[in-house]
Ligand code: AMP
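Below sits a lone chain in structure tokens, taken as the form predicted on its own.
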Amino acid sequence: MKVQVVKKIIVINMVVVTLALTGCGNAAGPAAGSSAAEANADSNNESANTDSADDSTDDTENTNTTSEDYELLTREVFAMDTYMTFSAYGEDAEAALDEAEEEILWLDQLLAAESENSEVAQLNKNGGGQLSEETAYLIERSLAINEETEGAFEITVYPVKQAWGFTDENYRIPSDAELAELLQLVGSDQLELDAENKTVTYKKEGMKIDLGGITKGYASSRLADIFMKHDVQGMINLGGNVQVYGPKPDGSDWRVAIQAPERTEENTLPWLSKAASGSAALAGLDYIGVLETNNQAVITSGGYERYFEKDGVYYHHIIDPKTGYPSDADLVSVTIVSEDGTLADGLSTSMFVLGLDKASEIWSAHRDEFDMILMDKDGALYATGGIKEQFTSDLEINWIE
């Protein structure tokens, strides 16, 4: 039978998230459910106000320059298979953006499993090898997150993703026998990492790793470090993975809108259960809520981001490493909020696989490291108590304490 392919248009969602971040000045930014057009209007008004303020001080010596006196500079880059936007304020903003662009292109070249010349691709080809500092760090962090999430975050699941076609968009449904064979290659315990000498050995022939589930979060943290070095503040949007560094120029927090699960081309929400009581409340909402934050990464994972449909069944890209099938846990969207972008990226995927109860249990043990915003298959919205003063929504919020 013909397989219908439906894929999230990443650039559109990237713009929506970007527009949901208010810039300088006192604009309030979009509330949950605001349109992108309204957000864009606010952004344009702010730019006009900033330009006017700059013009008025052209002939006046200013010895007390603040970040509010600087124009917002923005850089757009295509890397890691998505469109990215970096925006910064500050005297050295242009140099910061130059370095940020160079850094993201370097990391893409180094870490992309699909690129045959990348370090990760060469490791997969050779069954391991010598590691760069960056790759060694990411593998070490991945193994730690794997342990903390009881195997839900798994970088060795790449051969299974390839079988489903999620790495090259040649979508298909593997047989149970094929998946059973491939699952023999899955397991972080089959990677032998020598962190001191920066080497890794694959214990089984045919094993492959993919660091894509953690790379963007790591990259956003690296870019935040660059902003810090150049003493600028701003926003980093890596295709929807958002990290803000510092407050807005007026001293207030950034407002990040959390995207609602997307509808299909048929205007349905197959991610929710058929009897989902929350589906009506989600109708027409672009955002499920707004988070006020600074110096944090805000990273969301959902099955609606990449999927295909066959015979009325939807198969999404978040694979459960234990079954080899797309996760069927009770969550449709997971947002992790943390100062550690690497951790946030890894947890956004693994919490989706683990489901509400287990995710809540892990948060309870590590509540000083991250917070969560979750939506289950009934359309119910949950958030952890650490962001109670930061997160608001037009939907009812069930607080996890």
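Quick note: we count residues from 1 along the sequence shown, nothing fancier. The structure displayed is predicted, hence computed values, not measured ones.
Only in words, not in the display: the form predicted together with this ligand, which the text now covers.
Contact annotation: of the candidates K208, H317, R141, R255, the single residue with a non-hydrogen atom within 4.5 angstroms of this ligand in the model of the complex is H317. With the partner omitted here, the residue from L343, M372, V353, V332 that has a non-hydrogen atom within 4.5 angstroms of this ligand in the model of the complex is V353. This chain is displayed without this ligand, yet in the model of the complex the stretch 212 to 220 from 285 to 293, 212 to 220, 257 to 265, 174 to 182 comes within 4.5 Å of it by heavy atoms. Although the partner is absent here, F153 lies within 4.5 Å of this ligand in the model of the complex, judged by heavy atoms.
Although the partner is absent here, E305 lies within 4.5 Å of this ligand in the model of the complex, judged by heavy atoms. Under a 4.5 angstroms non-hydrogen atom cutoff, this ligand in the model of the complex has K161 among its neighbouring residues. This ligand is not drawn, but in the model of the complex it has a heavy atom within 4.5 Å of S301.
In the model of the complex, not one residue of 283 to 299 has a heavy atom within 4.5 Å of this ligand.
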